[in-house]
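This document opens with one chain alone, in structure tokens, the form predicted on its own.
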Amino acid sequence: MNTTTSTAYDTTEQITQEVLRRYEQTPDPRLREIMLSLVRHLHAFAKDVRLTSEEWLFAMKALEETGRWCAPGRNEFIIFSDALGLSMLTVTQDYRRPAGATEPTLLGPFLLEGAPRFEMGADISAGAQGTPLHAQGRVLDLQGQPVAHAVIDVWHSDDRGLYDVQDGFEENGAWARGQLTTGADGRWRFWSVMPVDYPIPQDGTAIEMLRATTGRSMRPAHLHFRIVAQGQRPLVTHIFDRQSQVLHDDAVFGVRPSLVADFVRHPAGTAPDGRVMGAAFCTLDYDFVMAPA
């Protein structure tokens, strides 16, 4: 019986070199580049911190548990990526923003494909609790021309700081979430409720990591937008409330000054669309400028 092997694994460097040798055979050039760099950096990290078997096993179990928290509308791995700054780093280096275009920010873990469709100007709150909000603006290109037929996904929290997917989504369905399509004038508008400052989910694995490290888990009040239009680069961004108490301490590093806007507070009266409001309400005006594809 032949008990010899063609490669020795007696040292950490030999192990790393053999792994690299095998992944160098990856057919796709970009995937090969990514995998070789991943192996180099991952092995270097393990050597640098002198990772123990117990710590490695803890990490593998944490990944397993993180997967259990993932479901449609909630991606716990994205929360980890956000909290480690990886999401914003990737967005910043990948989205080359021309001067004048709206800045992107991270996607977040709560996007749902196939959100309910609404007519422009409709109320998308679907029973969500909070101060009524009328939001409106335009979708423009870099030349200042309206972008017609832009598909806008919007989603946000209620006044408890919860999203629909955190509150019995299977039974209650979507709320404070919807999809709108601009007309020839590029204008968008809808009614909903005011978002509030909120902590990232407190029941998963990401919050355990933050409690053991930075201690920061709050996000400033914001609306999520994803805008897709022919001839334009898809835009994923937030609009933040200037009156948020945690604008300078976002747990996931997503705030950009150009995305901070005035959510104007009003007493009872007439809203921008002519609706007479019997109680206090808020308004937002914001124009999005898309970069060309």
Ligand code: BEZ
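The numbering used is simple: start at 1 and walk along the sequence shown. Being a predicted model, the structure only gives us computed values, none of them experimental.
Beyond what is shown, the protein has a form predicted together with this ligand; the following relates to that form.
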Answer key: of 201, 186, 104, 178, within 4.5 Å of this ligand in the model of the complex (heavy atoms) is 201
Q. Would this ligand be touched by all three of 110, 238 and 252 in the model of the complex, meaning a heavy atom each within 4.5 Å?
A. yes
| Heavy atoms within 4.5 Å of this ligand in the model of the complex: does residue 79 have any? | yes
With a 4.5 Å heavy atom cut-off to this ligand in the model of the complex, the contacting stretch among 219 to 227, 127 to 135, 145 to 153, 91 to 99 is 219 to 227
Checked 157 to 196 against this ligand in the model of the complex; residues with a heavy atom within 4.5 Å, sequence order, are 163
